[in-house]
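First, one chain by itself in structure tokens, the form predicted alone.
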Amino acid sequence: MPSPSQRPTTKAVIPVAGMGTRFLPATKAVPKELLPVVDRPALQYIVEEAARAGLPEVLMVTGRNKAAIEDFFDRAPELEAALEKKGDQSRLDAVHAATDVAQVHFVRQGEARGLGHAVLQAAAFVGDEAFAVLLGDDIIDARDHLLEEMLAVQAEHGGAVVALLDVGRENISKYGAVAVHGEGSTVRVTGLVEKPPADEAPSSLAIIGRYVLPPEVFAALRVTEPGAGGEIQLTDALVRLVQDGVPVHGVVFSGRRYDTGDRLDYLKAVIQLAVEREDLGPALRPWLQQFVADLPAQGASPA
């Protein structure tokens, strides 16, 4: 059985090659990862999370029509000069925050063949180190140190670590589900299945968009055949690691998670994050309370 890695994890991989069809027509011209969540793109929250967790090198696995993502994390000299000339320091600082948060690299996926295939594109960047994978649909509140906990578990046990959330049996068919051994916030994963029917799921614990993976995952991905949806699934490669005796642990998350994966959840995320803001919350909360109080009952016509 592989021993825990002694080399600290420093790299994060963020797959951003998806077409964002749920948000059309907005995503016809703008990558879904750059849609604003209040006043920052969802993707900026993810990169900031990686940097807070001590992962200063970030690789984004992109696809066609994603050049705007590279532009966003690049310097904008004309904009910066204009803001400096106006003396608009707060907005200048915000622009700098997006470009200075981490060292961001890019690689093209080429063709969309699934999450597993996207992660495989990071092999040269990662080398023989453990690394984190962060999916852009899940924003984890900055006050909840999920990724830091996962990195600590990986440093102690080696192998792979996945983030788990109890989504209930009624929702488990939308996720990768796991069978686990043990109780508490850290459990041993003994089996995984991608998007099972509710009555066949091994538990109601779902894998959400955070992983810490060993370099052995690349060998597993290279021999993983297309699975659910005809795509190369990262879940199937993790199954292979379990079968090969590589330890896979899960960290059960009970903190604040904002799902930006579909339109309704995206709207909820914007509202939740906005009411927490010191600059927006004090004015937004009373307006929101009054707005909700004035809503007609479902099915009733407004006055």
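Just so you know, these numbers come straight off a predicted model, no measurement behind them. For every residue, the number given is its place in the sequence shown, counted from 1.
The protein also exists as the form predicted in complex with uridine 5'-triphosphate (UTP); that form is not presented, and the subsequent description refers to it.
Trainee: Have a look at 224, 186, 204, 109 for me and say which one sits with a heavy atom within 4.5 Å of uridine 5'-triphosphate (UTP) in the model of the complex.
Mentor: Among 224, 186, 204, 109, a heavy atom within 4.5 Å of uridine 5'-triphosphate (UTP) in the model of the complex occurs only for 109.
Trainee: Counting only non-hydrogen atoms, which stretch in 237-245, 50-58, 270-278, 31-39 is within 4.5 Å of uridine 5'-triphosphate (UTP) in the model of the complex?
Mentor: Result of the contact check: 31-39.
Trainee: Closest heavy atom of residue 212 to uridine 5'-triphosphate (UTP) in the model of the complex, within 4.5 Å or not?
Mentor: Looking in the model of the complex, residue contacts with uridine 5'-triphosphate (UTP) do not include residue 212, since no heavy atom lies within 4.5 Å.
Trainee: Check whether residue 137 has any heavy atom within 4.5 Å of a heavy atom of uridine 5'-triphosphate (UTP) in the model of the complex, and answer yes or no.
Mentor: Judged by the heavy-atom cut-off of 4.5 Å, residue 137 is in contact with uridine 5'-triphosphate (UTP) in the model of the complex.
Trainee: Would residue 12 count as a contact of uridine 5'-triphosphate (UTP) in the model of the complex, using a 4.5 angstroms cut-off between non-hydrogen atoms?
Mentor: Taking the distances in the model of the complex, the answer for residue 12 is no, it never comes within 4.5 Å of uridine 5'-triphosphate (UTP).
Trainee: Using a 4.5 Å heavy atom cut-off, state whether residue 91 contacts uridine 5'-triphosphate (UTP) in the model of the complex.
Mentor: Flag for residue 91 set to no.
Trainee: Within 106-127, which residues come within 4.5 Å of uridine 5'-triphosphate (UTP) in the model of the complex, counting heavy atoms only?
Mentor: Heavy-atom contacts to uridine 5'-triphosphate (UTP) in the model of the complex: 109, 112, 113, 114, 115, 118.
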